[in-house]
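Heads up, what comes next is one protein chain in two forms, each shown on its own as structure tokens, labelled structure 1 and structure 2.
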Structure 1
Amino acid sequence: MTFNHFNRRLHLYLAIGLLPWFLMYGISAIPFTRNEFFRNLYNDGVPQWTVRFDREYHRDIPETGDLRTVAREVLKDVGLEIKGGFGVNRNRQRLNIYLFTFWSSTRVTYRIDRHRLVAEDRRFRFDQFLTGLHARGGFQQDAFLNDAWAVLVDLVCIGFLVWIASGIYMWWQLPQTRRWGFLALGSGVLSFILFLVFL
């Protein structure tokens, strides 16, 4: 096997294997650039959040310490399962926990001073489903599959670089495409630099 052959096969099989992520990152960029359109589309009177329960709850929340551990305990107390991931923050007398999967989002708000805990579910929105896919990453969640997703995202990042390098190599092997290729490459690089400088 020559390097040329290896390069072509690498480009091909890497692209095919990571095709769902590549397509996902492309399509999921649409709601990011059309934010106002989707906001208006879903401005239809249907509430964004629906209360699942609103109950009395007693738990001391320490001022310092690991909030994630506290959040896990709170969620366990009220019977909420962590399927995807969660985030937590504290704002004075309010503890905010956000549970999410790709398809759903639940926010749990504990008013520490009033001993009141409210859980609300967000309505499904296709644009938020796409942006959730696009933005998901990182190794800070607990479950193995979350870390596995993060590894795949890293692979896609490496994949982009490999596709560029292997693609340029393949282009260079086609002498008849070099002129228009240079023109396209030059136009792209120049316009990108213009944006970098002036925006």
Structure 2
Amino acid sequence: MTFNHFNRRLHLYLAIGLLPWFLMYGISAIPFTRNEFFRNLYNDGVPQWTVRFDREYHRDIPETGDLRTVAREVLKDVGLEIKGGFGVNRNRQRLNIYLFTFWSSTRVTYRIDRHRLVAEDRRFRFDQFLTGLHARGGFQQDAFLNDAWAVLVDLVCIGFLVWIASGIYMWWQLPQTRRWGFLALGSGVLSFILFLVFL
């Protein structure tokens, strides 16, 4: 097998293997650019958040330190399980904890000065499901599946780069396509630079 033959096969099978990821990133970019459309679509009078519980709660929250450990303890106290990922921040007298999977989202708010703990579930919205797919990544979560997703996203990104490189190599091997190839490449680079500079 020659390198040209290997490269064509690599390009073909990368395209097939990466197809679900191309579709996911392509489709999930739409809600980012059509935010107003989806906001109006779900502006149907149904509350975005539903209160699961609102109860009295007492816990000392440090001003600084590891808030993730504190958040785990709060969630354990009230019987909320971390099924996907979670984030936490403190804003003065408010501790905000966000639990999320691809399908659901729960926010837990502890009003430190009032000793009130409120948990709310967000209604499912398809646009938020898509943007969650698009933006999900990183190794800051603790669960194995979260790390596995992050590793897979890294591999997909590498696959995209190899797919591009193999396509450019194939294009260069066909002299009759170079003129149109230069036009396509130049148009893409020029449009990107123009928006990068002036937008």
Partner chain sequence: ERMHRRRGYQHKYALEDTWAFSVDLVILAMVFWVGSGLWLWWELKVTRLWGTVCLGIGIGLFALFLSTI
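For clarity, a rigid core is taken as the largest C-alpha set superposing within 1.5 Å between two forms. All of these numbers come straight from a predicted model, not from anything done at the bench. Residues are numbered by position in structure 1's sequence, first residue being 1.
Chemist: Can you spot the form predicted alone among structures 1 and 2?
Modeler: The chain shown second - structure 2 - is the form that fits the description.
Chemist: Let me spell it out: two rigid parts, one turning against the other between the two structures. At which of 164, 102, 144, 123 is the hinge?
Modeler: Between the rigid parts, the switch point is 164.
Chemist: So the chain behaves as two rigid parts; what rotation angle in ° separates the smaller part's two orientations between the two structures?
Modeler: Turning angle of the smaller piece versus the larger: 12 degrees.
Chemist: To one decimal place, what C-alpha displacement in Å is found for residue 176 between the two structures with the rigid core superposed?
Modeler: After core superposition, the C-alpha of residue 176 moves 4.1 Å between the two structures.
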